[in-house]
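In structure tokens, the next block holds one chain alone, the form predicted on its own.
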Amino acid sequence: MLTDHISIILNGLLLQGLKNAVIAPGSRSTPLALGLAQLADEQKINLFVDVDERSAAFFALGIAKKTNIPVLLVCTSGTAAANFYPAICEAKISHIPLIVLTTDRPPELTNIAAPQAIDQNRFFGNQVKDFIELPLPETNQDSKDYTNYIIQQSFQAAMTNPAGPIHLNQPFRKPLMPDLPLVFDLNQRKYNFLPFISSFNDKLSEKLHNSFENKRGIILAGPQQTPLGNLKMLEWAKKSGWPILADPLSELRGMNSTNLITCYDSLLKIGLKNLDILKPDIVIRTGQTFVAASLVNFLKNSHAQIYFLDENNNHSDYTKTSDFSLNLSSEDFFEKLRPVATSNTWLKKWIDVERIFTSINKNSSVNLLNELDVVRAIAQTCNSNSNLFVSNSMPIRDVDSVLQPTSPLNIFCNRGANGIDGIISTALGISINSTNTLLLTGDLAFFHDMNGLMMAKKYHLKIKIIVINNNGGGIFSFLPQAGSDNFETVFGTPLDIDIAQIATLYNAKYSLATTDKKLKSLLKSPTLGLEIIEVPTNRNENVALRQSLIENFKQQITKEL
């Protein structure tokens, strides 16, 4: 019974396209672990084993974030599953497909204080798209057919918009050893599930075209755009003469188009009171929640009509500013919508502002690197083959502010729940089939997921990690509590960690970069394994550094416009 049951589960996943699995090892998951190991030996899947459940979950998240194909995540019974929780929360909000398969004690060992037994029923609550309790292994054919169907249906459900994690809970009785090797039924039924197709009819398209005609419009391109959606958006914007305010996670930055605007965060921070010429009549929002908080106030204070392309139909507009929400992807919307006529001067004004910002967004003249210079060095050295993973807190904000790459980058960030947990593990998951992955993180996020470095050591993954070491939580210096009594104790939280010793612990190559020249040299060199680049910065100078950029921008705009 057990052997057949495991074969049905794993073969069902293979039939739907499973490529990668991550195991956090334990006793109750023995039959699945051995079956997955067999599939890895037969080169049918890639298998990764991580003894730290929290790291394992973020590692799986990284793989799924890069491939957009569900990754199987397996653990034993008890508190092991609880350590998956942060990554599952991120996957739910970011719409990343995961199959979370927790193994469990059988019903007769629940709620009677049996060892390593907790209530795993709907364990992740609303943080998963669905929960299914799988049946115990049985000889009954109806049970086998049900297992086959529900496994394949769950895989497809994880990918269906809105994508997200599916939780399967599998109880097992002892003995836990299947008969090996597993034999898979070549005639096991494969199910085909047709995706939902949204409709953008001609009548609505024509109505919107007429509404947008001869209006000053902008497109806010948020995170997680598709390549084809970006292409259609750029084509429409070029023909219509509309600027695109490109979030760094839209993956539009670096593309060859004068319609792309990257300076919006700095522009909004200097205030638009004297820049009425840039106020739009129409705003089209695409993608998920943008990085720049300044856009929230912009939308709230705007008198423009705001159209939100809510592809996942989950009303995820935390600004609460959308006048119209359309259940459409960027690809469908901009492919069907006819270009509109717009004054030639509208786009030119935005291009002028972008040109002014580009002229001042230069590396500092002083010898020592600062945190904005690190982002500029990345923009000047990385190329379209690069995967850039950016930590939350200050790194992603700095990337949003000053990243102007010369070619488009594959940029990732855990912007669903916006936490600093699992940063290293997620980046390593993204790196598994790449030789050109870069992680930009701060010292606190680096310390928080230090265990994740073991996966790089174990699987010989190739990644460069830039650790901006300002000895504490830099973002709090920008918040109202900055300068308050006991600020350093409860917010600054200096750790005084020795990055070089951590590198030694995980057999990583360690480098110290204090100049722009040194950092660029390190970034241009081939990535041969795990490399950690420490960039020491001064946390106390961070606020003034960024204020100086804004003030310089303001002066140049006042002078030239």
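Under this definition, the rigid core comprises the largest set of C-alpha atoms superposing within 1.5 Å between the forms. Heads up: residue numbers just count along the shown sequence, starting at 1. What you see is a predicted model, and the numbers here were worked out from it, not measured in a lab.
The protein also exists as the form predicted together with another copy of the chain; that form is not presented, and the subsequent description refers to it.
- None of the heavy atoms of F155 is located within 4.5 Å of another copy of the chain in the predicted bound form.
- The closest heavy atom approach of A417 to another copy of the chain in the predicted bound form falls within 4.5 Å.
- Within this chain, G78 is remote from the site of another copy of the chain in the predicted bound form, having no heavy atom within 4.5 Å.
- Although the partner is absent from this view, G422 contacts another copy of the chain in the predicted bound form, with a non-hydrogen atom inside 4.5 angstroms.
- Note on the partner interface in the predicted bound form: the residue among Q481, N433, S407, S205 having a heavy atom within 4.5 angstroms of another copy of the chain is N433.
- Interface residue among H448, K232, K215, K144 relative to another copy of the chain in the predicted bound form, by the heavy atom within 4.5 Å criterion: H448.
- In short, of 279 to 287, 255 to 263, 82 to 90, 178 to 186 it is 82 to 90 that has heavy atoms within 4.5 Å of another copy of the chain in the predicted bound form.
- Interface residues of 162 to 188, taken as those with a heavy atom within 4.5 Å of another copy of the chain in the predicted bound form (partner not displayed), are limited to P162.
- In a rigid-core overlay of the protein, L228 has its C-alpha displaced by under 2 Å between this form and the one not shown.
- With the core held fixed, N126 shows a CA shift of 2 Å or greater between this form and the one not shown.
- Superposed on the core, the two forms differ at F84: its CA moves 2 Å or more between this form and the one not shown.
- If you compare C-alpha positions, A158 and F308 are 3 angstroms or more closer together in the predicted bound form than in the form on display.
- Annotation: N327/V71 CA-CA distance shorter in the predicted bound form than in the displayed model, change of at least 3 Å.
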